[in-house]
Ligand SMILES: C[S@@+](CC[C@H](N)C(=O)[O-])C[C@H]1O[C@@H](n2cnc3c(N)ncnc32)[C@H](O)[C@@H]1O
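The chain below stands alone and is given as structure tokens, in the form predicted on its own.
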Amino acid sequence: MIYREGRAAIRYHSKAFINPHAKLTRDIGTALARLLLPKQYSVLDPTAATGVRGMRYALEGDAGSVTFLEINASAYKDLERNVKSIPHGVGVRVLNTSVQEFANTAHEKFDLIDLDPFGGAAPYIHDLLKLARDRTAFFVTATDTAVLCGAHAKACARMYDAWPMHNVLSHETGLRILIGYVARTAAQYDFGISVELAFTYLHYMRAMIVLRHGAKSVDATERELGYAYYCRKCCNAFYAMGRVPERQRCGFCGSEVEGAGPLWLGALKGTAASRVLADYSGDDDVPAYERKFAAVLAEEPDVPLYYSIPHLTKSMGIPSVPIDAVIDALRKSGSLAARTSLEASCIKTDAEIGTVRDAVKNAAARRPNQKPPV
């Protein structure tokens, strides 16, 4: 069988693992690498499978060399055959070995490490950081979303050393737990981090990070860690910075709240990512649903957490309201507001819960034949 994506043509047998739905991550990763890294950069594809990710860096992303690792013997045979289509000007290595064995025997560093395992990312992070240097781009995908989003909370505590949420905020808190784990682990190697782009899409989470070596960078990263909180009664979503969690009650209604963390509370988008998303959402060759996702991701305010409009209207005892009307009311009040790519029917805003509830009331009052909410 042959799978084509970008400039790559992948031959694989029926048992080989290839995920066409992850094309968006590979599209954006290839484009972002071109902006972040100098030409002829070195790439490590540590869980290569059939090789499509690493091949796209070689064929489209200006990479000078790509090292592929694949421990599965059957997939390794497909991988060896596939990489033969890479031009001779690009250095290629294909190794039938594990991430752990390679990391503990290799004496080299890479400009870009792109981890896309089947399942959780946590078991690979420590070893891969041994292969990084200052300004290495460290791209991480996790597909254990049930763990990070709190359906298996104890597993999250074991794997990522953080407590998750299992409520409307679970997608964002899960993504931020993943980044927080990378940040805390990187600190052990004297790396701070900057997040160039992070998002959730379908069944996976993606964090595209640049490592910054040195104590000052580590200290700056530490200041971006903290905890997220959610009140089921009034739907308030808020956070607190710091490595030690505080017992919190809702500042709006006084109820007990749920907490998650430690997690990353810093930015999820850099300036290079904004350029990539703008180009991607305007590319007619990209499927419409991917363009729409990229457009929403580009527009949403880069602030922690979000509000579910259906949950808010239910807690306030009023009928549903148009999301765009709430966004419009918030913008008129001087707040940032837009839909979020992280969860349908939710908005991101820098407004506090009282202002958001007022905007919901405003939107409800503007609906025809509807009594004003109390």
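Treat the numbers as computed from the prediction; the structure is a model and nothing was measured. Residue positions are given as counts along the sequence shown, with the first one as 1.
FYI, the form predicted together with the named molecule isn't displayed, but the following is about it.
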| Would residue 53 count as a contact of the named molecule in the model of the complex, using a 4.5 angstroms cut-off between non-hydrogen atoms? | yes
| query | Can any non-hydrogen atom of residue 117 be found within 4.5 angstroms of the named molecule in the model of the complex? | reply | yes
| Heavy atom to heavy atom, is residue 248 within 4.5 Å of the named molecule in the model of the complex? | no
| message | Can you tell me if residue 48 lies within 4.5 angstroms of the named molecule in the model of the complex, counting non-hydrogen atoms only? | response | yes
| query | Of 217, 194, 72, 85, which residue is found within 4.5 angstroms of the named molecule in the model of the complex when only non-hydrogen atoms are counted? | reply | 72
| Which listed residue (167, 98, 281, 145) meets the criterion of a heavy atom within 4.5 Å of the named molecule in the model of the complex? | 98
| remark: Among 261 to 269, 117 to 125, 220 to 228, 285 to 293, the stretch whose residues bring a heavy atom within 4.5 Å of the named molecule in the model of the complex is 117 to 125
| task | Let me know which residues along 214 to 249 have a heavy atom within 4.5 Å of the named molecule in the model of the complex, or say none if there are none. | result | none
